[in-house]
Structures are given as structure tokens and as C-alpha cells.
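Given next, in C-alpha cells, is a single chain: the form predicted alone.
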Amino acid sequence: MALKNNVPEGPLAEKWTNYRGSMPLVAPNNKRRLEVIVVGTGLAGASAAATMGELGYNVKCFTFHDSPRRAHSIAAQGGINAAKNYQNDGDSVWRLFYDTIKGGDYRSREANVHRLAEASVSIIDQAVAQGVPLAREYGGLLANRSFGGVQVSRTFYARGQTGQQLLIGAYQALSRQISKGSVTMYNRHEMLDLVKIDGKARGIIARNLLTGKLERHAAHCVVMATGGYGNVFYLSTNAMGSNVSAGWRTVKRGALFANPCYTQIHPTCIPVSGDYQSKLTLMSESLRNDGRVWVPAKVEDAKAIREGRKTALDIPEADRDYFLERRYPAFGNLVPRDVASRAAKVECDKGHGIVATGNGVFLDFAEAIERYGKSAAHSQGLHNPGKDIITKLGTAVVEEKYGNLFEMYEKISGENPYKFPMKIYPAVHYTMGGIWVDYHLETNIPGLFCLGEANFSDHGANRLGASALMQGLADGYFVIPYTIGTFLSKEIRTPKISRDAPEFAAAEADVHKRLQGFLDIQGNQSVESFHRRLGKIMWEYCGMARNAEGLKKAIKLIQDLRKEFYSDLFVPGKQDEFNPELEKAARVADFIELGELFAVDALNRNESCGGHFREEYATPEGEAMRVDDEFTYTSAWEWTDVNSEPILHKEELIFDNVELKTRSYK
């Protein structure tokens, strides 16, 4: 299979502009004849559905939540990047493009990334016009803060609720189109299969989660915006309902899955506290803008803290190791997520961890509170303030910037983060891999498009902080409304797709048989127990560090787990009723298959890059070592039959505008 990325000719900075000026258009009267299905209502899905509804298409939008506002985009806290250069600190579209390419360890497609950087400047205007309450400076100008992997301040934010506020903006745009009738909303509906007619995506089979009824929905094309697959690890920062099933069902129909091993471990999460947990909690990366990461320099001090004989406040400054500042002086605490995560793991593996499990480091705001307190005191004319006044004023500033995050931490941990440093450790957060798409965001299946975290296209092997919201909104508001025309302009004479087509009947029968198969096993083990076991395999052998021996073992363990799943699973209830356990069974079955492909992809890529760290490919300093002459490509896997080996297709990555070099943040 030849992968055509359909990147336009011409200079990089002109590709998107020239494309928009020469692409085929669909006239307004013809848009009214065409139907589009959008699966997912996060930032990518909601913005895409709203925009295409506004353009005149007839849109059917699906979410398995009870409301579009429940999508996991709501959980993104820290901010959204945009190359506005409001701080006048040297930012530009080119710098955002370069930072993204470099941050992704030179494993992303240049043209898509540059388009993302170009679209970023429009996203903020869109959000402000919608009334999104982005933070502002004292004089009323929009505020920015720094994020990992960059040396400029380009991250716009709404305290620690940026994803929530942006999703409300997209939701109100979507709600307007629902009220006008251009978008039909299907809440509590889960996509369980893709329907292809004559090789083109023409609809989906969805299950009404309240009644259990299977439904056929037809359209001229299908747009996937269903998020990432981080819950293959069981414990992650994702919502517990987040899953890969909609995307994986398209893989079973022939879509290619790209770079599954590129998974991001986020450095600032509340550490695991026990086997009873089913979810982890993210502390926003924005906290690294002011917090300093450290561990006790002496192993005996770390042990005393783990055993409760000492606290962080008992460790004098001279006995603290601010290891990110030590290892990466140019970026310090703002190194990219993959770099920060591995550095924390190194210190904990050496015995410097500060929680009972040994896997935790400190994130300390004492220096920021003092700095802000002195500045606030000076602005109030207090030139010789005491420590209590400085602490009080500084705490107020930090509370204004991050207050809801601090409240959340205290409720979960029981410790006051204004007085004691936060305890953090890396955890699975985001997936850079996903459905393969071309420049149009179209998969290898004609008429099937994929947006946001569900596709692979923009972040390479590691995503920079505050770029997830940027990609979701760029894809939904500013990319897919144009690029979908390249397909639909050829469909204006295609009549309305009939749900009575034999392809719909066959797909519905396949779904019914699959679901009934889970119910008929009548084994002894719960869905949750299989998911938890899969997660432990994935974290142990496919987590922050991987090696060939461990990956081969993981593949065998997952294959054995799949056999056991299909012989000893117990799912109560019936198919044609409200049955959350049946929903979970289908999702975990897909996670098991994805987990195997994940390990196969990681084993195939004999290099370290971004979030994919192979222990055999490391520099003497312990940094990632790429192998550019062999692996400068996207791995796009075809795997329609789990009884056969996955088939690898390669999209060679061409870098005409940036020089491939070893990442350095020192």
C-alpha cells in the first residue's frame, strides 16, 4: 500500500495559503445536500460539527456521554499555545513550528505542523469572540505563561480550567447549530463499527447506551474525533471512560494505525498510592512554570521522608537536588515532558524517591511565593516587609494563578501545597500515535477523516505542553472545514446514502454477533480485572523505559491474556438493555489488541525518540538516541485480522526546512 500524504507543492510557509486558494469548493446550495457524521464532541469534534453546520452541511454528531460538555477535553488545565508574540519575547509562527518539530524529536510531518502553527493565531481570536474568559494582565491585555520545551511565553490560559472554558465555547457554537437544525445531536450513543460502501466510509453502527439498541446512521463521509488511547495502561490521567474503540473499529475495516508506541508520560501527576486506584490525577504542567522540582540529595533523607520520620521542610537547601536545573540549565524545570519524566524516574530508581512506593519527587513553590510576595510588597510600598507578610502576599498571587489546582491537590493528598511541596510522579497522559491521516486529515479509507488526539499527525514522538487544545481547535475550526471539501466536492451528485444498503445490514450483524459473544462466554472474571492486568503489563514493559526482551515478553503476555479473556470473561445482563459492563467488555477487548500492536511497534523501532525510550539506544548521559538513517518514518500498521501478523507501511518523513539534530535542553 502506497501512502500518499498529499502535501501540496511549494514553500512550506505558503502551502496552506495556496491550498486554501486553489482547493475544490462545495457551493452553499450543494452543502445542503450533503450529510456528515462527526463522532466525538471534545474540542476537535464539537468545533468541527459546529463549523460544518454553520457552513450548511447536514451534520450528525455522536457522543457516548450524556452531554457533549462531558468530553475529556474539559480536563485539560494549563493552557493553549498560540504564536501571537504578545510578550514581545521573540515568538513567531516559525518558532512555534520549530519548537513543535524539535519537541516531537523530529518524527512529525513538517507541512502539518507548520499549518498548525499558522492556525494557532486564529484560535485565540475565535475564543475571545466566543467570550472564553482567558486570563488577562492588569491592564486588560491577554496574559501568557511559559510551558515545557520552549523559551518564550506563548501559552494562553484560563486559570487552571483552560480546557473546560474552551470546551464551553465550542459547546455553545455547537448548541447554536443544534438549535438551528443543522446539527442533529446523538447523546449516549457509542460508535461500534464503520460502514464502507464501494470502499468509501458511508456511515456507522452505533449503540444506544440507554436502551442497548443498535442503530444505523448514514452520511456521505465520517469524521472521527474520539481522543486518545492512554487508558490501555489502565492507570492514566484520562477519564475512565476514554477508550480506543471507535478508532480501533475503523482499523478492523482497513484504516491504518500510526505510531502506537508514541505515548506521552506526563511528569506532574499525583503519585500512585495503591493497587485499589482506577485513575490518576494530573497536576497541570503550568505548575512547572513556577514550581521547582527536587529530591533529597542524600538517600538516607529520602528514606526518612518515605518512612515519615522527616518532611520536605526538614531538608536544608544545601541537601536538595534540583535535578532538572542541574541537568538542563538552559531550560531548567521547563524541559519537555518526556525529558522531565525520565529524569524523575532516574532519581527515583537511584533511591531518592519521596513517597512510600519510592516513585515520587517534590514540586516546590516556596521560591515562587517568596518572589511574588516581595514584588507585591514592593508595589504596595512595603520596602522592608517581614517574612509573614511576604508569604501572605506571595500565596495570594500563586492562589490567583493556580488556586483550583492547589485545592484539588489538597483534597486528594490531604497536604497543604502552599506550606509543603507537592508530591508528583510521571503518569500516562496523552497519545501521539493514532489513525494515519494525510494533509487533508483523511485516512487511507476515502471519506473517513480523523481529527485531534485521535490522529497521529502533529506531535511526532512527544507533544509539547499546551499543544493538545491547540491541535483540537485548529483541526475543528480551521482545517477540516476546508479539507473535507476535497472529498465532498466529488460527492455532490451522490444521492442520500441509504441505511437499507446490504453493507449496513452486514455491519450491524457483525456488531450484534460480537457483543453477544462477550455475553455468551459466561466465565468467572470481570472486565475490570482483565483491564487492570493489561495495564500492569503495559506499564511494566511498555512504560517510560522499554527494551527488546521486555517487549517480546509483553507481546506473549498480552496474547495469553487475550485467549483468557475470550474463555473466562463474565459479562452480566443482556445486549438489548442498559449494560455498562458490556460497553466495557467491548472497549477492553479493543485495548488488548491495541496493546499488542503497541508492543510490536515499540519492538520494531530500534531507537529512542521522544516518549519512546529504548534502553538499548541511549547516550552515555542517559538521553534518547535516535537512529535517523533507519527510522525517519511514520509506522502505519495494517491489522484487520488478529490471527495474522500486523503489516507495516512506512511514510518517509522529509525534512526540507529544519536540520535533524540531537535535542539539547542544556
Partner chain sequence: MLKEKLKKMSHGNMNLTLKVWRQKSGQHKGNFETHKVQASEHMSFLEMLDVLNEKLISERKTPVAFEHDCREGICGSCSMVINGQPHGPQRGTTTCQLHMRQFNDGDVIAIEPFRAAAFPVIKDLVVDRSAFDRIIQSGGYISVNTGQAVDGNSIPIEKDLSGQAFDAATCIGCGACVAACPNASAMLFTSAKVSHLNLLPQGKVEAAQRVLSMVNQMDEEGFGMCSNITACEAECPKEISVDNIARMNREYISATLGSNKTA
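None of these values were measured; they are calculated from a predicted model. C-alpha atoms forming the largest set that superposes within 1.5 Å between two forms make up the rigid core. Numbering follows the first chain given and starts at 1.
The next section is about a form of this same protein that is not shown, the form predicted together with the partner chain.
Only one of the listed residues (E593, E581, E564, E325) places a non-hydrogen atom within 4.5 angstroms of the partner chain in the predicted bound form, and that residue is E581. Think of it this way: in the predicted bound form, the partner chain has a heavy atom of just one of Q559, N547, N359, S526 within 4.5 Å, and the residue is S526. Using a 4.5 angstroms limit between non-hydrogen atoms, S278 touches the partner chain in the predicted bound form.
Under a 4.5 angstroms non-hydrogen atom cutoff, the partner chain in the predicted bound form lacks S146 among its neighbouring residues. Among heavy atoms of D125, some come within 4.5 Å of the partner chain in the predicted bound form.
The partner chain in the predicted bound form comes within 4.5 Å of a heavy atom belonging to S179. For the partner chain in the predicted bound form, the listed stretch (343 to 351, 483 to 491, 102 to 110, 403 to 411) containing residues with heavy atoms inside 4.5 Å is 403 to 411. In the predicted bound form, the residues of 108 to 133 lying within 4.5 Å of the partner chain by at least one heavy atom are, in order, D125, Q126, V128, A129, Q130, G131, P133. After superposition on the rigid core, displacement of the C-alpha of E307 between the shown form and the other one amounts to 2 Å or more.
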